[in-house]
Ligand code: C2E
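One chain is shown next in structure tokens, namely the form predicted alone.
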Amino acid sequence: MKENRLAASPAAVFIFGLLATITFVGVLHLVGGVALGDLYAPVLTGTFATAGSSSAAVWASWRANFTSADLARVEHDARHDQLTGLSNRIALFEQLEKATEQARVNETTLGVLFLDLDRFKVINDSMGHDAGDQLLRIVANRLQASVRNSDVLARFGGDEFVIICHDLLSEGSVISVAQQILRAFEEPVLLFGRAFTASTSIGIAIAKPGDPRRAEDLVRDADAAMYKAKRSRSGYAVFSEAQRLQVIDRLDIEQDLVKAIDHDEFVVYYQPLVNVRKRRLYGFEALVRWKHPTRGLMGPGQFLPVAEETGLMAVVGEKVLREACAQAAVWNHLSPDAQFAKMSINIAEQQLLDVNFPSLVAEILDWSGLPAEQLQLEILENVVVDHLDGLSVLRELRALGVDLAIDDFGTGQSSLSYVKQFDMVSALKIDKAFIDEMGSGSANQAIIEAIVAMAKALDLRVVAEGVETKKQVNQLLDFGVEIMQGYLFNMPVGADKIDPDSWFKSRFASSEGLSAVTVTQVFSEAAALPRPPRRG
């Protein structure tokens, strides 16, 4: 900006130079007595000098103005997102630091909202990055229309946005902003002639007067609350003290996960799948557990979400796949009846997206000696629908001879019309949530009947998860579901609890189905195992 002050006006330079030349010539003529004819040379020299000075002034002025505009543009670009025009992460933290300091001085409430678009990757991958960019611009415009002029709106990165609401009177004011944003997302988005329903998950961190948290702490806490909202599909969630402890605990688990992989602390448990009508074992589902050195035996829900978020799920999944295939091959060697039992293993999203995953499965089958037809890979319905471009990987897996099953079928956001694209799938697993509320005339009962009818039409097997009562067994048999899994039959157990001579034998009887007593005694080890409490 100093160059602007130093740069003289070209017009002023020209006028000043011309006046100086005229004055100089006048003094020579009037005072010095020099004839006018002899003054042509000084006049021309002065005129040329004036023109030269003016040109120099024009150049200096243009250079000063150009440099100023260039600097302003650089400063703007350094603090704004080029795609949406919103503030970027750098500007966000600068303004949030000022807002937190101002809130402390004025003793007002400050709200930070962290937004993440739901299923953005699906649109970006299926329609291309141009469609993804257009969606981000539309979202930015809707957010700007939903917040106050005094609020700060920034694109944090990717499909994430952050809003700073300052000078608020209460926590309810922040929640009102979140609710207004969710209403703005209800209107469909038009992308290249196609209508989409965009949605978002919002995490909220609220700093009341006296809150000691810094700017990065508030963003971190709002981010953590956003993940809670996304998991619960609640639209928004407010960060709490209990969640702060969960964040600390999650960081500890994340650090311990790396050590667990190196120290081989993961073990595989096996839960039986039973063909109830034929009174025989159908197979096992391999379920990973973590023998933590200080926390004890941890279930998958305690650490697998962290493994997925940190990119470690593929490593854990490969360990489970290797151990389960090797164990099934051992049982085949110990009992001829075991060769009819499926080994069902869950496949994570990271594995499905890996183009080399089919080669890995082929290598593990060859290494373990397990026949491909005994391996059944389970993929969550939402994962399959969100990555329809990954169906080629599923077809490669099916070409190996392995079975494929869609897990938690019916709970995702897909429609049944998608199933016709799953020509490589051989089984559907009905989620426990439908089994729990399977009452006479209930909506869940109608859903199960529809799934079974559709599966029969497509020649797919149906497996019911979470079966815990005799009534559920009888209802499922009436619907035509024969393969079941749940605590009524057996809880997941280690391989050492499974006796091949007993577990793999068929139990044919004159009457169909299993009674409430005999069903818990299908396997010799089952009666001796403690039953866990019924899950809610």
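One rule holds for the numbers: they count along the sequence shown, beginning at 1. Quick caveat: nothing in here was measured; it's all calculated off a predicted structure.
Absent from the display: the form predicted together with the named molecule. The rest refers to it.
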Using a 4.5 Å heavy atom cut-off, which of 146-154, 200-208, 298-306, 275-283 contacts the named molecule in the model of the complex?
298-306
Heavy atom within 4.5 Å of the named molecule in the model of the complex - the one residue of E465, E396, E323, E160 that qualifies
E465
Of N382, Q339, Q271, N124, which residue is found within 4.5 angstroms of the named molecule in the model of the complex when only non-hydrogen atoms are counted?
Q271
Tell me, yes or no, whether R461 is in contact with the named molecule in the model of the complex, where a contact means a heavy atom of each within 4.5 Å.
no
Test of understanding: in the model of the complex, would Y487 fall inside 4.5 Å of the named molecule by heavy atoms?
yes
With the partner left out here, check for me: in the model of the complex, does some heavy atom of K228 sit within 4.5 Å of the named molecule?
no
Examine D407 and determine whether its closest non-hydrogen atom to the named molecule in the model of the complex is within 4.5 angstroms.
yes
